[in-house]
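Take a look at this one chain, the form predicted on its own, written out in structure tokens.
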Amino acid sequence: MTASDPAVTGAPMRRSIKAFPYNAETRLESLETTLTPPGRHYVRSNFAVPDLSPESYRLVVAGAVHAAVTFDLAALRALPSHALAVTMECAGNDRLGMRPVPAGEPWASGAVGTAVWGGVRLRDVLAAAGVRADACELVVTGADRGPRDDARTPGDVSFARGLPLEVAMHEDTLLALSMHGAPLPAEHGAPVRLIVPGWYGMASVKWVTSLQLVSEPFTGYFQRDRYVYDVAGEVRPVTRMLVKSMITAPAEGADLTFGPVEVHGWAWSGSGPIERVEFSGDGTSWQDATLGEPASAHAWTPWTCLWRPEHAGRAVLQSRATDATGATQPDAIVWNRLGYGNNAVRPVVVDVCAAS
């Protein structure tokens, strides 16, 4: 049972997607704040939460290094600390918006959130082992494992992901030990979780126990068979978050009093800062929203807009974001077999009541 369960709090803060392994998304009304508390932040698990004791925990750094190194928690905590607000989105977020709905966890729009992760820079940990010149990628393996019906080899599969060396060595790529200044919760990867700002959540491996430098690209199950865009047989890996925005208020189905309405929400991208958010109340005319300041270079950007409905009745609200690379949210969903990376403009339907 988690702190977000109705039996604990009296009201659900997340919507359960799957009981086991536990997967849950944040209810949209809980995404109003800049930071998403641990008990409301979405949870994505492929297998059961592993039982890792802080006292016996060990992290092994090996492979294409000059000398393999093993860290316990005390050794990690002795390294220089770093904390950062990071917006993280599950690659399958908004899968339910695709038609037909692809196989996979049935995420609506709440598999996204922003947290302050604290820990140590990954590059400081790798430096202790000495990365060899022939290393091209870092394979990060978590302690979680289990069977997969479509695995190419028999036996359990470990959750492992390959990360380009230049991303692993970025100053903001972290091994997180805390979340919002408190010890990392088990469901979010305790005692140690990788945090890769700008990338979809699958890159932020939980329950990290192994860092393996390799000189050839990694081709494990969660690198080759999952977390790939498969469109008409053309396959490419899922990496950085695509530019996206969402409306957090008014909520879907809201009854609004005729008159000016303040609309607000978030926008984010894994490829650069948000430079523009546009809003439409009719699907044809668009106006620029006002952008606020993000909590960090890797956190979502708040935006607001004053909408003046021209008449009463049903209205479809939409927002679309543009990032510093010039990428803009598409109007139409790009369907793919596994249902990843849906960043299309998402409508919010409301009703405007006639003036009395």
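Quick note: we count residues from 1 along the sequence shown, nothing fancier. The structure displayed is predicted, hence computed values, not measured ones.
Below: the form predicted together with a small molecule, not depicted.
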Can you say which of 250 to 258, 127 to 135, 141 to 149, 211 to 219 gets within 4.5 Å of the small molecule in the predicted complex, counting heavy atoms only?
-> 141 to 149
Thinking of 266, 291 and 320 as the candidate spot, does the small molecule come within 4.5 Å of a heavy atom on all of them in the predicted complex?
-> no
Name the residue from 34, 296, 328, 46 that puts a heavy atom within 4.5 Å of the small molecule in the predicted complex.
-> 46
Considering 173, 114, 109, 204, which brings a non-hydrogen atom within 4.5 Å of the small molecule in the predicted complex?
-> 204
Should residue 196 be counted as a contact of the small molecule in the predicted complex, where contact means heavy atoms within 4.5 Å?
-> no
Should residue 42 be counted as a contact of the small molecule in the predicted complex, where contact means heavy atoms within 4.5 Å?
-> yes
Non-hydrogen atom contact residue 84 with the small molecule in the predicted complex at 4.5 angstroms | no
State yes or no: in the predicted complex, is some non-hydrogen atom of residue 94 no more than 4.5 angstroms from a non-hydrogen atom of the small molecule?
-> no
